[in-house]
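The form predicted alone is given below as one chain in structure tokens.
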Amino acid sequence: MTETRTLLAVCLVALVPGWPAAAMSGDATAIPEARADELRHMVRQDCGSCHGLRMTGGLGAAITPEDLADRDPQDLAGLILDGIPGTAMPPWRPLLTEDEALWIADYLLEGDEK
């Protein structure tokens, strides 16, 4: 089911003119640059409000690349989407797609290069 949805998403992306070539490469985590900029801003502002503006921790745990080095991107994406019940970590599923959550997980694991 997930593969079918991913394939459908890639096909729909391929129909939109002007989207980056990476979006048409079949990479499920290819996010248009404008949306990537929004997600970077969201990570800095929304995630940073709990995890610290440098992601070194605060109300929430540190989420720097070093702190997340042994984490699986898919697991992190699941945490982002569903939150952690009983904690201040909210579910972001109403605002993010699975690909966007995976993009954020990869972004956190790789660090801010922009």
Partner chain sequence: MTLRALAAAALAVLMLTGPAMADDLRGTGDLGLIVEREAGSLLVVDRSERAAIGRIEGLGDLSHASLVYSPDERFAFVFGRDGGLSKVDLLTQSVVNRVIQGGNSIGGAISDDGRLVAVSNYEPGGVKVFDADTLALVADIPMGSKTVGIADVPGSRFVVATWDTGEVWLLDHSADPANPEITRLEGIGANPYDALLTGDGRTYIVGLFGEKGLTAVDLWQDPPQATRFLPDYGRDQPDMPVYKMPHLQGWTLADGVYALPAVGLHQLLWVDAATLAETGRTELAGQPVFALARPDKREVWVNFAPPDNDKVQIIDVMTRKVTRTLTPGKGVLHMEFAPRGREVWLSVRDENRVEIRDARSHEVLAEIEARAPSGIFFTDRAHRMGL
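Numbering follows the first chain given and starts at 1. None of these values were measured; they are calculated from a predicted model.
What follows is about the form predicted together with the partner chain, which we do not show.
Trainee: Tell me, yes or no, whether residue 64 is in contact with the partner chain in the model of the complex, where a contact means a heavy atom of each within 4.5 Å.
Mentor: No, residue 64 sits far enough from the partner chain in the model of the complex that none of its heavy atoms falls within 4.5 Å.
Trainee: Answer with yes or no whether residue 88 is in contact with the partner chain in the model of the complex, where contact means some heavy atom within 4.5 Å.
Mentor: Answer yes; at least one heavy atom of residue 88 falls within 4.5 Å of the partner chain in the model of the complex.
Trainee: Would you classify residue 71 as touching the partner chain in the model of the complex, given a 4.5 Å non-hydrogen atom cut-off?
Mentor: Contact with the partner chain, no.
Trainee: So in the model of the complex, does residue 32 come within 4.5 Å of the partner chain, heavy atom to heavy atom?
Mentor: So residue 32 does not count as contacting the partner chain.
Trainee: From first to last in sequence, which residues of 91-112 have any non-hydrogen atom within 4.5 angstroms of the partner chain in the model of the complex?
Mentor: Going through 91-112 in order - heavy atoms within 4.5 Å of the partner chain in the model of the complex - the hits are 91, 92, 94, 95.
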